[in-house]
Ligand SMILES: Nc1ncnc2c1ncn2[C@@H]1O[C@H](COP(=O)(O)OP(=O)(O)OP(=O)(O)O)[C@@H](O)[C@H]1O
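The form predicted alone is given below as one chain in structure tokens.
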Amino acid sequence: MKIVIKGLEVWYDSIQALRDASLEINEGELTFIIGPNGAGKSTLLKTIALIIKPKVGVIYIDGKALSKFSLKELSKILAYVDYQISKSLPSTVFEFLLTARYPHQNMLTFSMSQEDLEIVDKISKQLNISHLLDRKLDQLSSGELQRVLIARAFIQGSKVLLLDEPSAFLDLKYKLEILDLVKKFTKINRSICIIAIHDLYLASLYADKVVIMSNGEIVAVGRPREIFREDLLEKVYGVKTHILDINGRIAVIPLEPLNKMEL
């Protein structure tokens, strides 16, 4: 599977949010989109998910324009995790997770199969949420809800995962465990996973490909060793950083702003 993005432009009224964004992502790649606030990270994800319609440009999956897919085809292929979901939905965690299997059902003779139930059980155990299955969504903490939403994306079985800040609200242990699982899921299933994230340290540890955005533009794309350079990060973020090589893995340590605010 391959995603090709060509010349995307997105506007919010008179404000341009994406400028001529072009990108290629191959299966098996865990791609991190990084950049300061307002860079266009979430807008790019939502445009790929067809939540936002671009003014100009096109997105292809395996050579077919995204706009040519039916809604059911898209729901099988692509999962976008929206962390702004209302916790007031009258649903238990188990019922909510089962809805991820809807795209795989025949709507005329809808029924959950044993396979569906086994997938929910397997993923729930992997993400350590089995003890939450009987709870209502409004009984979950922000971190618990985060894990439930990521579990639902896995259960959907889509080949393209779009995750916006998947480590937000999670403690350090779960940040690492979730990203470990996302990376394994991407490799084993030959999927495409695109993550928008603020945390440079986590991106440097887990990324196969890094996309840096600034002011609605893609300013650099490459492997972590190509992208995580002190000069480039200083230019985009205005922050002094230190790059470490830990057992062959690049790690970015933000140090201080280049221009400090005075009290």
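Start at 1 with the first residue shown and count on from there. What you see is a predicted model, and the numbers here were worked out from it, not measured in a lab.
Beyond the structure shown, there is the form predicted together with this ligand, which is absent from this document and is the topic of what follows.
- Contact between P36 and this ligand in the predicted bound form is found at the 4.5 Å heavy atom cutoff.
- This ligand in the predicted bound form is approached by T43, whose closest heavy atom lies within 4.5 angstroms of it.
- Using a 4.5 Å cutoff between non-hydrogen atoms, H198 counts as a contact of this ligand in the predicted bound form.
- With a 4.5 Å cutoff on heavy atoms, I15 counts as touching this ligand in the predicted bound form.
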